[in-house]
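Quick heads-up: the structure tokens below are two forms of one chain, split into structure 1 and structure 2.
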Structure 1
């Protein structure tokens, strides 16, 4: 059996990338010297592939975009009534409808929620990127934890930038207001009232109970895809969380395991060096595992969970499209059964159904392209990190093997 491992000398080096070791059970270990030509490692090839793609996409995006938004500088606000966090939102644009080329405002989570609600209300069949979930009460103590704040900041940044990349949503009046107005609190109060929201909810429920008389095949296929996508993303998300948890438990065990060998070495003079070597190897494995957990938590886990939320967004978009069609079918049936003056109203609903269908058709293709790029990037970068992790851990165990040989 052969195992390809990266190394650069007889001692555990600080940087072990760029050198390969060939381990054969029937031969002595041969170490490539620095002077010998080395094959490209899988990690470097994956990184080069990703770098080429990212550079091409970034250059293309920079050419087409005329509005750039960043979310940064979170600040905590504490009062007698509430405690919350605001984020700085900086906008740079060359669009003529803006009075200035740069804006800087502060926004809290409720402001982002207001924007999302207004966009979904005005564009019911366009796919608005999801916001991070509102904080759960059971972990309220951790709400102002630095990791939580940074994770939320990144998610809010992605939310706004997905809007800037959208040809219709980025031109929304509400989006412009969000980016430019100093205070949004008065505008949030002008939203639809409780009775209006209840009316919309009841009408949607009635349409849902009534159901559709006929559904275009393309939207039936979309619905089936969304259901499958949701199930798959939920499964991958749960398994990834479970793997991360198991890695964390393994790391905790290693942190307790390593010091034992150093304590043991103090009482075993003849075995001191090998025992210390084992302890060092365990400590290195613990460090590499900790870096692996951090990478999964910061890159793969957020991306997967974001698309779990995207699946819920898609389901809501499909329901809104179905409700528009159901309302049209109900009015059309009422018109056919009795003589009324509702021909114009039915024509308006027919136009609304067609507009909703066309909007969803265009956004569907755009969303799938974006989704595939995001997941591809997350999976490729995670694969590269896994290669790096297992190479370093394998090298650590190889040195442990050498220590065992030397001890005998």
Structure 2
């Protein structure tokens, strides 16, 4: 069916693959057809997001300004069959394709998964920010534990906000549906999402047997970077977890150490004051360490984790791009060996390859820029927090020193 639609000669809009299909399934055609802001030609599409690094800041700012999304207010829903959490998603926008300027809906994790898979389907070589994972097995965190829910909420918020900042993805029909539809469940159930994913996997399998004829060097370099980046992110993530663990153990020991000075002070006369002084300093030190750990867990650890997931996203993007190319090559070969006469099909596939590559190129530099910004910011603020920690501890001991010096 998919092939049939493409063959009919309809111009393929900017989003490369099965966009047309959505037309068939979407009941609310009106919403979709109302002033699609997406450019019709691949060139203008490329121009839109081939950003100059110097202008990037203001262009990003310009893009950001007209739609704001927040994720908050988790609530649990209990039904006969299952229990799950929903989050409130509030959208404020001045974009013309939205009927209203404010929307409020409730969404569950599955809804976010749906949105992500739709976006990946429609924009296979654009880089979609990762979702938080289903659940983290190794830490045995309960699904309904407050910390887990809060961490997830923040990640979901970031996920949606990344989309709003993306010039192409923020204009996605599915994104709009996600933000505005009261009930997403019926829409979720429909759709070839599952089927097309299946066929894509099958195509991928078939193509991997043959391998790509030739890969443009730029993508080979990109692949290498992605693999290295993935390894590096995992290492940094691991080291950071280890550091957090060691900080925790240090703090636990401090918590036991401090009281011994107060205990000791009980059996002393002249030494009681200085002993209590040292004890208070140790107490303060352990409180500051606790804050430091909190900060690491809330800022650096989640950021690194997201980029570990990003690395996987990038790998998937590279795979999908390869598949698109492989599909074209397969059909092209068939044409050459005269086993098929579907020339038009091959042309369309060639177009697809071109569009996929261009989309990736454009999004690649965009992603690199935001990756740099995110990680740089996380490391800077961690370093600043550590400076702050030492300043506070130093001050505490300084007061003790002054007190003791005066006393002698």
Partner chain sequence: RMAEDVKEESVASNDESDRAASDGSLSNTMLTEGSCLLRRMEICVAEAEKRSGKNAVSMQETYTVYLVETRPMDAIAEGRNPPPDSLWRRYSEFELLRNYLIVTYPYIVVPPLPEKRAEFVWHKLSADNMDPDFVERRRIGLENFLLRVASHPVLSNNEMLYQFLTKEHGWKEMVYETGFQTKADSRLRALSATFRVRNYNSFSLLQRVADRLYAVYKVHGNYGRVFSEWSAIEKEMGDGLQSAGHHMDAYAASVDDILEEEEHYADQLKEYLSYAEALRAVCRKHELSQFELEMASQDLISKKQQREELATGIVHTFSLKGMTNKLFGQEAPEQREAKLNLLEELIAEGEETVKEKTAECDEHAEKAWADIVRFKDQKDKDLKEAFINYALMQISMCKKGIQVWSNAKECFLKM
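Residue numbers count along the first chain shown, from 1. In this text the structure is predicted, and so the values were computed from the model without any measurement. So that the term is clear: the rigid core is the largest set of C-alpha atoms that superpose within 1.5 Å between two forms.
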> Quick one, which of these two is the form predicted together with its partner chain?
Replying inline: 2
> Any CA movement of 2 Å or more for residue 392 between structures 1 and 2, core superposed?
Replying inline: yes
